[in-house]
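Next up: a single chain in structure tokens, the form predicted on its own.
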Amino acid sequence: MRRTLLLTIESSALQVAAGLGVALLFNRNWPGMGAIRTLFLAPMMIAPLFVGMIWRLMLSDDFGVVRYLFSLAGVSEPPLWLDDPDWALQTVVFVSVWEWTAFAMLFVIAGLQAIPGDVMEAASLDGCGAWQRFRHMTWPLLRPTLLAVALFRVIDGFKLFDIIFAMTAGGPGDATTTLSYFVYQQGLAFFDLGYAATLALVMLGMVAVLTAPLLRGGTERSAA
């Protein structure tokens, strides 16, 4: 449960923060921006199972391209990303963020383009700097969008299975065994269906607890 909560909260927070930053950068009418946005969406279009397989090969200690890049940078002994219990879960978090930051970016760009341009222009004419406009106008107007993105990412992060299955199979040891993977083990590997069903209900309750503040925040914002 602790690993599941850590994975869910950390990956969701990073995806929302990175999606916001990339959306602010890409929300411009520069030449070729449409093509850049499309390329940035590419990881999201790959099935998570294949994403895990691709990154497992890239992070291989024997022939992975990541180890080769570290050697070019002068690091002869990089961490064992998938074989070290101290690094394995963080590596899964990184891969999840790499794949799903584009999802958050799409929502945030839609929210940014829904903000009336004349409001931002008036604020600029009144002497508001970029930070002031973001803090007092963009951020409050984007808050419902960010809450919606966080809600989706928390739910998806909590049931993350494909990447873990392909990259670590819950290992090394049980360093990346989350509740969703544990349910799979109990139900489909050990055929203890009653225990697996009970764990699934526990997961449902935990998801409800985690998402309740996000739902309440969105409802209060809408009422305001």
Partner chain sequence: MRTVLFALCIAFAAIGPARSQDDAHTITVTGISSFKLVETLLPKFTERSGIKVNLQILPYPQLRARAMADLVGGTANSDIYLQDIIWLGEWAKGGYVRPLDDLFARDAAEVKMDDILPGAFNALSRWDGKIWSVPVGAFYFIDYYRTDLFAERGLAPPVTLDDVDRAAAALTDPAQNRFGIAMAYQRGGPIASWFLATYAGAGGTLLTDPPRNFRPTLDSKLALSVLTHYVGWLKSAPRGAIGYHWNDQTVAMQTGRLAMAPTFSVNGAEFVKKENSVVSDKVGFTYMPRADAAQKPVIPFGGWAAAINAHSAKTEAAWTFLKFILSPEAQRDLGKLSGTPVLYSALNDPELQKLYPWLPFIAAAEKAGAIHPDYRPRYAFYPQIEDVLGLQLNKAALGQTTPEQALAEAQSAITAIVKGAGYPAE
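Positions refer to the first chain, counted from 1. Everything quoted here is computed from the prediction, not taken from an experiment.
Just so it is clear, the following notes concern the form predicted in complex with the partner chain, a form of the same protein that is not shown.
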| query | Which one, 119-127, 102-110, 132-140, 75-83, holds residues whose non-hydrogen atoms are within 4.5 Å of the partner chain in the predicted complex? | reply | 75-83
| task | Flag this candidate site as yes only if P144, A148 and F158 all have a heavy atom within 4.5 Å of the partner chain in the predicted complex; otherwise mark no. | result | no
| Heavy atom within 4.5 Å of the partner chain in the predicted complex - residue from A169, M33, I54, I46 | A169
| message | Although the partner isn't part of this model, could you tell me whether T177 comes within 4.5 Å of the partner chain in the predicted complex, counting any heavy atom of the residue? | response | yes
| Do Q185 and the partner chain share at least one heavy atom pair within 4.5 Å in the predicted complex? | yes
| query | Does G194 reach the partner chain in the predicted complex, with heavy atoms at most 4.5 Å apart? | reply | no
| A189: heavy atom within 4.5 Å of the partner chain in the predicted complex? | yes
| query | What residues of 36-67, in sequence order, lie within 4.5 Å of the partner chain in the predicted complex by heavy atom? | reply | L49, R56, D61, D62, F63, R67
